[in-house]
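So this first bit is one chain, no partners, the form predicted alone, shown in structure tokens.
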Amino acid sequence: MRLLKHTMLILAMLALVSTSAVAELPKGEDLMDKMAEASGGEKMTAIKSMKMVGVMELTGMGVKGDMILLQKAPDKSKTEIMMHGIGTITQGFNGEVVWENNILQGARLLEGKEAAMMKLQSDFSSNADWRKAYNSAKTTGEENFNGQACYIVELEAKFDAQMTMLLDKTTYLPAGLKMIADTPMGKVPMEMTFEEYKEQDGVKFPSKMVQKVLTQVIEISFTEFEMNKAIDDAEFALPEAVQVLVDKKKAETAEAPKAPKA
């Protein structure tokens, strides 16, 4: 009986130690605030446009391409990837329509969570205020991610998606992101690492990103950054093939029978 009581006392003490360790983790909201400040804080609100030029490689497949990313406040964006020997893949958001024009699959309109994710990435205001993009942030532990000691922060996006952000414990900059992504192939696990941060006008950006989707690994390295340079709205105009889909959708909506009033 004495041994049983002694064992129970040890287990109770271990439970208290475990609970204390969990309680010592920083709050998710505080970590995300530190992340925003480390990335540039209020200086990010001064960004009205951005152009990033780089290269993309599907590692292990020998496929490479040149990449141009354009963004213009408040919510326009376009990514163009010129794949060597294959063709061009373009995605964009003109403030109303989220689209993709893919040399392999043709033009399509993005909807649901896939579209919501691109809208989130295109929203300049969310860079400085993470609460505009996420409903909640909760610290759930620590992890050694890509050689960095990180806090694990579980995020609930406003478009009903769960994401896991890995924040460097020293710099508070994002080291990685994990999520289940909506794609044309269905829901697939995706992991991204953010590396080699560079600073321009007080704002820090990762100049290298590695994306893992199933067995595919994509490396993106940005070599040029331009901020607050004039970008014509014509850059975000819908390609003809995408405009055809928009017109078709509008026509189908107009022809759809209306439900009788109750």
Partner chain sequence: MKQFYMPSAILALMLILQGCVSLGTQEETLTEEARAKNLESFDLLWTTVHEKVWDTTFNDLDWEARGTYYRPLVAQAKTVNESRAQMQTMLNELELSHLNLIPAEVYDDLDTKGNTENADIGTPGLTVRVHLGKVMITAVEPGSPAAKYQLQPGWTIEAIDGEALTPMLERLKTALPVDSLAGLYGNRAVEKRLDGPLDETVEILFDTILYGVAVADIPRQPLKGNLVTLGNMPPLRVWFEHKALEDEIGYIAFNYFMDPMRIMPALETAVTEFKDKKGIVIDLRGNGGGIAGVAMGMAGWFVPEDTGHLGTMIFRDTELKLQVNPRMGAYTGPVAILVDNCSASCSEFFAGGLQSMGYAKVFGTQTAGAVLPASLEKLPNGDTLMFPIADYVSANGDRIEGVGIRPDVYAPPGFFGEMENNDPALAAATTWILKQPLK
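Positions refer to the first chain, counted from 1. For clarity, every value in this text was computed on a predicted model and none was experimentally measured.
What follows is about the form predicted in complex with the partner chain, which we do not show.
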| item | value |
| --- | --- |
| Listed residue (G141, G95, G87, G112) with a non-hydrogen atom within 4.5 angstroms of the partner chain in the model of the complex | G87 |
| Interface residue in the model of the complex among C150, A137, A161, L120, criterion: non-hydrogen atom within 4.5 angstroms of the partner chain | L120 |
| Interface membership of L25, the partner chain in the model of the complex, 4.5 Å heavy atom rule | no |
| Heavy atom of A234 within 4.5 Å of the partner chain in the model of the complex | no |
| Non-hydrogen atom contact K187 with the partner chain in the model of the complex at 4.5 angstroms | yes |
| is_contact(T170, the partner chain) in the model of the complex, heavy atom dist at most 4.5 Å | no |
| Site test, L104, M179 and V244 vs the partner chain in the model of the complex, non-hydrogen atom cutoff 4.5 Å | yes |
| Residues within stretch 56 to 79 having a non-hydrogen atom within 4.5 Å of the partner chain in the model of the complex | M56, L58, T59, G60, M61, G62, V63, M67, L69, Q71, T79 |
